[in-house]
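One chain follows as structure tokens, the form predicted on its own.
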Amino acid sequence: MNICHSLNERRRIGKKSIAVLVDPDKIEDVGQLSPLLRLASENCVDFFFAGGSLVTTNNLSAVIGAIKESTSIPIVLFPGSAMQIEPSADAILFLSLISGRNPDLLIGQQVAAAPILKNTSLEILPTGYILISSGKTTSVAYISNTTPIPEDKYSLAACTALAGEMLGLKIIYLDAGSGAEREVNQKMINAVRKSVEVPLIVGGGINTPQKAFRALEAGADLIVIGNALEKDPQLLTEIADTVYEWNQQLTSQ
């Protein structure tokens, strides 16, 4: 499966997607993934994202193996550093943190990762990663040593995304961060959506079906659900239904 091609095709016809983010640091035993994997399969989740800001465990391979054993859902690495490469996944978000000015995360980590990735079969997804302020300092903002774009600076985010697209990045990812107090707001998503043609991923703070719908309505092509599922796994069913209903409306038009 060519994930980049698939995302572009879905964007072309207005079809939305959903990804579940799994942080290996929060998985003590891969057996605890079973309920989530079952729910993901039942609810037609499109992708698993695997990774985190600070992966301190060595179970990334085991987590990916458990997902592959139970589902056929593609697994995309969401790395916090060049250390978080696992060849058994299907693809990797090759992230450049374009909202910040930390050279290590704009190009440094990518230089270290490139020769390793060259020797894998992972699909490389060049992605412009944009952090949006969510009301508190998130793990990714702290670890990346960057300041997120203020949540009311719509033009700044739009121009940042546009510059990323002009540099050749194939995907833009707006993120409020893991455990965000507030999701990326509709006006911000819409401003970025209008500025670029590439697929737009939105994550962080999407913890209700209503917030999921608002993100889709504003122009997100793919929404990412993570932390919220730790508290309420059944939330996945509700949010997946929102995505399904959106896509069903397309076919009935």
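Not measured: the values here are computed from a predicted model. So that there is no doubt, residue numbering starts at 1 and follows the sequence shown.
There is another form of the same protein, the form predicted in complex with a small molecule; it is not shown, and what comes next is about it.
Here is the short version: of I225, L36, V198, I64, the single residue with a heavy atom within 4.5 Å of the small molecule in the predicted complex is I225. Among A180, L97, A161, I132, the residue placing a heavy atom within 4.5 Å of the small molecule in the predicted complex is A180. Note that among 28-36, 65-73, 200-208, 186-194, the stretch whose heavy atoms approach the small molecule to within 4.5 Å in the predicted complex is 200-208. Among residues of the shown chain, A240 is not one whose heavy atoms approach the small molecule to within 4.5 Å in the predicted complex. Residue contact check for L236: none of its heavy atoms lie within 4.5 Å of the small molecule in the predicted complex.
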